[in-house]
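Taking the form predicted on its own, here's one chain by itself in structure tokens.
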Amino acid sequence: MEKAKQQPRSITYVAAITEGVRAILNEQDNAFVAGEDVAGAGSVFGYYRGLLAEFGENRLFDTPISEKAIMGLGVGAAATGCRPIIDIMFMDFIAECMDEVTNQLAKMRYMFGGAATLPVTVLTMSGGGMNMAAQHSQCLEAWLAHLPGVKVVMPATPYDAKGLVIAAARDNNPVFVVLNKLSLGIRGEVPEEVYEVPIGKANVVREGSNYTIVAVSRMVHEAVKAADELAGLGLDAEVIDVRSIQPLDTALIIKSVEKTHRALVVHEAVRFGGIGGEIAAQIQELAFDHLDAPVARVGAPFSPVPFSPVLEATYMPNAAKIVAEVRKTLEI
């Protein structure tokens, strides 16, 4: 009798994060998790849930409410031989420990001539859409990507969430894994086995021939929706998930633009000074002769994230805003 074909396994984004962290704790005896509410509560978002019972209190530590101390713990532990996974509950709280990030985490390996390695993985949650207001909803990845010495990845799917957590924790450099609140319930195919998603490699999630949309984090899903709508206007849009903004897979983006001759970059962060400006600059520097239209950008307005659900919905970039910007750029 022929054996039934096994169906692909589908799990949520939050469950994929848990699997990635569990794989690293099993693989690395000197790895541990530290942060606010990561042990007893399993984090406020639930992605360490069950790990305390599995690995014990010597591997998961609830810390005082001090991001400065948490990041300092990560730096010191890594410099002395451990491989910490540090949790910064909300990305907004990075502001509390930017000295440790900017002047210690990002610089120590360089300043000590490679004698000290800093294999610190930082998990943090970004993004709006949950009515958490101006101090708990920001996307500050451009701050981090501007720092030589750190890597920054932003998974959009459950598959990438697991694979990038594992890749980050195996890297001998500091890596920020910037997660997204509204993505926690997204489901997708995720293998049970341990695997890496390479840091610095983008992914073409929808192939197209005459327009390139470069998307960051959850905006990948909005970009795919927009591409489906743009098909009705005669545009066959290719959607690229950057996955990693530092290092950035410029080569894949340029290859796509050389094929399509048009490009738009979309991220949830404030448009002014966002990573989209850097990507747009690289496109015009390296593919200018291939462009048939200006490089367009979509991002949030230059404003704090509103608390009001109605205002926040207006504030957030989405598929409709991507389509509107494409139409404006191409005058269609």
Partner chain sequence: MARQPVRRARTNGTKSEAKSATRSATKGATKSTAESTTRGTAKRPANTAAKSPAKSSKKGRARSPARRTAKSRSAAETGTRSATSGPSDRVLQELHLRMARIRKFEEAAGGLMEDGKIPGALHLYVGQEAVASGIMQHLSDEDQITSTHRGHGHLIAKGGAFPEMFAELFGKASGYCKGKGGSMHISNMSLGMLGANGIVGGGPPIAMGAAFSNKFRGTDRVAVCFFGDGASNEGSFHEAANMASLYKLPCIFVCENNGYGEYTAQENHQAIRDVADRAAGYGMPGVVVDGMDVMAVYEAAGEAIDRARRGDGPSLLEAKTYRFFDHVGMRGMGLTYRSDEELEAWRRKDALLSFEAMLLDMGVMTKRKLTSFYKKLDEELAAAIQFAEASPFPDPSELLEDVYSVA
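Numbering follows the first chain given and starts at 1. Everything numeric here is computed off the predicted structure, so don't read it as measured data.
Keep in mind that the form predicted together with the partner chain is missing from the display, and what follows is about it.
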Leu73, Leu147 and Gln246 each touching the partner chain in the predicted complex (heavy atom, 4.5 Å)
yes
Find the only residue in Asn131, Asn210, Asn173, Thr250 having a heavy atom within 4.5 Å of the partner chain in the predicted complex.
Asn173
So which of Gly232, Gly185, Gly81, Pro191 reaches within 4.5 angstroms of the partner chain in the predicted complex, heavy atom to heavy atom?
Gly81
Ala77 near the partner chain in the predicted complex, any heavy atom under 4.5 Å?
yes
Is it the case that His290, even though its partner is missing from this view, gets within 4.5 Å of the partner chain in the predicted complex, heavy atoms only?
no
Wondering, does Phe61 line up within 4.5 Å of the partner chain in the predicted complex on heavy atoms?
yes
With a 4.5 Å heavy atom cut-off, would you call Ala269 a contact of the partner chain in the predicted complex?
no
Here the chain appears without its partner; judged in the predicted complex, the stretch of 29-37, 260-268, 303-311, 278-286 with heavy atoms within 4.5 Å of the partner chain is 29-37
